[in-house]
Structures are given as structure tokens and as C-alpha cells.
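The chain below stands alone, shown as C-alpha cells; this is the form predicted on its own.
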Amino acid sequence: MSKKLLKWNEDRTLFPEKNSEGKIDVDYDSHKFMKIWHGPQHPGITGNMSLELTLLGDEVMDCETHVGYLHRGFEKLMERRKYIQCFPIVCRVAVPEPDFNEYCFASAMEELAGIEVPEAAEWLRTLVLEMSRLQSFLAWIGGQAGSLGQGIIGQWTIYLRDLILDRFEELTGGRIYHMYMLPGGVRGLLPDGFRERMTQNLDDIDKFMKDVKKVMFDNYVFKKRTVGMGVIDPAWINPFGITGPNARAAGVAKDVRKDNPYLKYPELDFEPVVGKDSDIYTRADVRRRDLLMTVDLIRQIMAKIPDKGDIRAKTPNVLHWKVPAGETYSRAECTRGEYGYYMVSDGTEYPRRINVRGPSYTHAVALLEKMIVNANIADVAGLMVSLHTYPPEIER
């Protein structure tokens, strides 16, 4: 191992030299460096992912991401199952946001088969996707606060998330995995009284979010630890495939709902929430404002959902459905950015190929490994959470 350790830069801070492979030559026998494992079970990320960190004192010098601690091989599993048997699988690709997987998978099948979804079903799908976005944002805000020592925020937001899970259970029968969106439409209309109960939940969320802003976003310590930390250069957006709030916090208004409209979003009144400073604080604030916008969108949707009507188009027997040969890409804007399914059919009862495009792969591996260098070990968890990633997407 190389004995060349450190050199000084002009402002007298230490940094290691890198070899031709871009790696740092580290001599651990010098006792100047230390290697630690951050995770795989750590509140710094939603799920199990580990960071192999090389430290100089309390400063991160190098990082290598390790995954493989969760469900693996979703895409290959689906090649060995009939299309309808894939629905219980796709939900697991992003556990906190299963509905975006349901929609993208069903939408890809419908496009290949030339199926037109009834209007009522499109409104219900739009509602479910926004409900999924809302509960995911609520869970995330609690995680971001907790990663920086504010445990009370998580207690508030998990309670609020449970209110939305109650509505999911009422609508679909499940709190986490719903399997509500099937090829051709959805499984049911709104139950009696659903609108009134959802309206009360949204009012509670609006009220609590005012307190969240005071306790978390107006907090001096939270600002001190997040303002100017973990900045994403806008020039990285396209090379790193950065989407969603991570891109919008850098001033780039990427939103599939506007860029490639789908479902009933063209009939809703909203504009993507954008920031400019691109640090941890800005990413958190963009998500907070996005959450409030989602509350407004749900109110708009509920006012327009028909009380009756067809909710599912006629489809072949799902156990013997041979989807016409072809390929397509279906996308949606999930809580973390562009979510997409590339589906290839060879005309049989089984998918020929399915590739899931989730934001976590680029955000949690390439981007994180670049951003985390020179960060303090105490800020690693906060930086990880600010990128909002789900390891199962990486292991798909």
C-alpha cells in the first residue's frame, strides 16, 4: 500500500491524493486514518444500506456505498411470473411509496395492450398517488429532523402519516401495500363519508405543519447544521440524473407532472416548488412546501372525483393475458423525482423484460459518494436523509 499520505492545499487544509483509479491511497498503519461502517441499520436512510467511510479525524475522506441487505432481484423475479402475479412484487420495490410502482406497471401494460382507462378511475389513481406522496413526505420530514436530533418532529409527523394510512385502509383494505391500481383501472369507488374524513385529516395536517415550521425550520440549531451544507451544484443535475426535490432545490423545475403530464394533472392548478440554495435546508423546505401543495391538490381532486361511473375497463382473463409484443416506458413523479418502468413484451403471458427507474440509484450511490467527501461524521446521517432514497430501488 502506498506510503504517500497527505499534502496541503493553499488554505492549509489537509486532503489525500488520489491514484490513477480515483481512489485515495491510505496507509492505515500511520494511524492518521480510520475506516468505519455507517449502517446498514441506521436512521440516516430509509432501509438498509451501508457506507464504508474513510475518516481523517472526524472528516470523511472517502465513501463507498454497499447495498444488498434487503429484497433483491425484483426485475428478474417478474420475468418468471405472469403479469398479474407481478403486482404483489412491484409494491416492494419502494415500500414507502408502493402506489407509484402500481401505477407505472399498470400504465405500461395498458399502453402495450391499447386499453383506455375510464375517467373516474383516472381521478381515483391521481388521488391515490397524491395520498402516497403526502404520507411519504410526512415520514421523511420526521426522519430529517430526527437525523439532526429533533425527535419531537418525528412523533408529530408519524401521527399525521397514520391519519393518511387510515384513509388508505378505508379505500383499499391495506395500510402499506394497497394493490388498488390494476390494469384497466382501480378496485373501487370512494367509501361513504371518505371526503369528510379526508378533509378533517388535511385540516389537522395544515395545523400541525405550522408548528413543524416553527420548531424545525425556524430553529437556530437546525439552520446552523443545514444551511450551506451538502450543496448540489446545478451543473450536476443532468450528468447525475438528479430529479425531484433534489433538482428543484437547485433551481431546476423538474416535475414529470408538468413536463410529461399524465392522469388528471393537466386539470389541476399547481406549479412545481423550486428553491435556489441547493443545500440540506433548502431541500427540506422544498419538501415542506411540496407537502402543503399536495394537501391542496388532494382537496382539488376530491372536489372533482365522480361519485359513480365505470372504474375499470374490460380486460382479458388476467391469468391468461398475453400482452401484445412491444416496448414502452411509463413514468410518474414520485416524492423523490422521476419514477419509471421500462417494459418489454414478447406477446406471451410473461414479461420479457422490466427495468425500474427509481431516483435512489443515482441519488444514493453516485451523488452521495461525491457529496459526502469532506463532510463531518456528525453530518453524514443528515446528508443521507436530505437526498431521500430507498435502498430496495437500488437492489431491484
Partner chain sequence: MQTIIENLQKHFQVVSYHQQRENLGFLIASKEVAVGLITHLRDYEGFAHLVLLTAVDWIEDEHFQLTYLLHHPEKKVDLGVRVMISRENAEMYSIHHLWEQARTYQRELREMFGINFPGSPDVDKPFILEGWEEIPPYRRDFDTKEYSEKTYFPRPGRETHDPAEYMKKKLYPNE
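Nothing here was measured: the structure is a model prediction, and the numbers come from that model. Positions refer to the first chain, counted from 1.
Another form exists, predicted in complex with its partner chain; not displayed. Remarks below refer to it.
This chain is displayed without its partner chain, yet in the predicted complex the stretch 79-87 from 79-87, 137-145, 266-274, 297-305 comes within 4.5 Å of it by heavy atoms. When its partner chain is considered in the predicted complex, His71 lines it closely, a heavy atom lying within 4.5 Å. Phe33 falls outside the set of residues with a heavy atom inside 4.5 Å of its partner chain in the predicted complex.
Using a 4.5 Å cutoff between non-hydrogen atoms, His38 does not count as a contact of its partner chain in the predicted complex. Its partner chain is not shown here, but in the predicted complex it comes within 4.5 Å of a heavy atom of Glu75. Heavy atoms closer than or equal to 4.5 Å to its partner chain in the predicted complex belong, across 299-336, to the residues Glu327, Thr328, Tyr329, Arg331, ordered by sequence position.
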